[in-house]
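Only one chain is shown below, in structure tokens, and it's the form predicted on its own.
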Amino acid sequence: MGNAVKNIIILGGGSAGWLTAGLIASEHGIDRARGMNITLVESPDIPIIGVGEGTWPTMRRTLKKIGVSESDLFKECEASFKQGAKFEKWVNGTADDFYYHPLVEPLGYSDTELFYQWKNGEYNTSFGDAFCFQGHICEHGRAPKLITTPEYSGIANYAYHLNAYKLGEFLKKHCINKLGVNHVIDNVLKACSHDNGDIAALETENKGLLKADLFIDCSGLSSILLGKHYGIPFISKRHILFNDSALAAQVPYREPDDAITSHTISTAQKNGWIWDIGLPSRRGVGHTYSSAHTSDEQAEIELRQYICHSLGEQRSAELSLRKISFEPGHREVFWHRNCVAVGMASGFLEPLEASALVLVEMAANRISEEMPANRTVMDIVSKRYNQRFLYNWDAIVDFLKLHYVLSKRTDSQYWLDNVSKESIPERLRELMLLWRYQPPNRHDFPYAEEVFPSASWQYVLYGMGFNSSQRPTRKAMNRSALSDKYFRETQEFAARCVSKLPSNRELIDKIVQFGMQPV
């Protein structure tokens, strides 16, 4: 079994399948004579429905690597700019309860312990707004760049909101026409195995046997290869992250020129939370909740009440909703023998903090970058891959749970259960105890490629009122002049951005009409 890995089959399309195909093809499929043969197989009978999805800034690097035009992304995928998330009513549920998790580090973050300076200073604003300009420009609906800023560059760091279905179609066209990915539309009947247990081929309804050396399972929650064929156990995280249901709606704007928010809005409810994602033609709005704490009927009432505030009672009542059920968790391993799962085939937690697509990016990039030369070394690669991704999934679980653990809401059993010790992972409990005496820092997160860096943890912690006791160190005690300087520079730069940057809709309209400067 020392044969070279030359033929790859990806089972399943959508964002996960085509992102994976694009990244591998851009890295390994340039020279067709010596490169890899990449085939994506998808069923004609399984529709892919997108409501609107959020990404992380890593998506810019991913799309640039694949070779797509950012201008075309905006023209074809209903894309808009995302500069972070605004969390409303997560702490105590009052009208003024909100904070931002922006995509830019606080100014001076590596130079001094900013939390102590903010705590002891007279800044009269939130921790995030004191030392980061991005929340200010989000509040004013500003875009992160100018029309003259080149593609994939920005004055502020940014990600995207986009139509998930259209992103898959956009990537499909690019992968087939520009990167030479083979596309097979057929139903897969079963996976056929070698004597040693590897998958040898996929038996299809019309194309017969499709053979490959490596199989990538992007079949979604069905997990046809890793889950059903190999029977890799699913590790539930429902005891930590309670949400297992969602109702989603496509919400029109009142007027065609209504503002497009520059951030995801996450508004806590009695038994879950509502996401609100602004796209150019509509909003993607949904309520994710725990079926153990509330009913579908009650969740629908809360969702329609939320939509009613912007759309009116009659139009809100007329909207159709789509029910989504999921089990929060992931597979015990992600790469088994010559099969690796990407996207929902490997697991799903919940929509909070747009972790789903960033995990697809990380998985596809790592598979491409560490592509085993042959079957002999594949088990070494898969062992390292599984170790790393088990850490990534656990870290994301901890980060998502942090949002719930810090809440002071007592208006439902849902929030009371979320702060119970039994529902908090041990690592998170240890970190929160540590952070009572020092802010999060890079030593708490050992990998260079963390999903959420220490600054993200600080934004959530201190946005939700967590307190770290002050240590009598020179770094903590004697840098007030420096923090005053960072505060002043942040406010000045924020004011310039608010006055000079266009609105999100204004810039998107110009991009669709004129395009951006190519890289």
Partner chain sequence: MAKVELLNNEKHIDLKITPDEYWTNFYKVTHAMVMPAEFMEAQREYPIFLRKDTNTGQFYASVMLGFSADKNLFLDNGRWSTRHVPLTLKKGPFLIGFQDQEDEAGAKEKIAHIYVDIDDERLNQKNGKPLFDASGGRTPALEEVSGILGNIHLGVEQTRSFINALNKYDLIEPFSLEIEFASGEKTKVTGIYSVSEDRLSSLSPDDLYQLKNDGYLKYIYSMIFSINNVKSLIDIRNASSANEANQPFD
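All values derive from a computational prediction rather than experimental measurement. Numbering follows the first chain given and starts at 1.
Separately, the form predicted in complex with its partner chain exists; it is not shown, and the next lines address it.
Scanning 150, 312, 121, 252 against its partner chain in the predicted complex with a 4.5 Å heavy atom cut-off leaves one residue, 150.
Its partner chain is not drawn, but in the predicted complex it has a heavy atom within 4.5 Å of residue 510. None of 252 to 260, 431 to 439, 97 to 105, 141 to 149 except one has non-hydrogen atoms within 4.5 angstroms of its partner chain in the predicted complex; the exception is 141 to 149. Taking its partner chain as positioned in the predicted complex, the residues of 503 to 517 that bring a heavy atom within 4.5 Å of it are, in sequence order, 510, 514, 515, 517.
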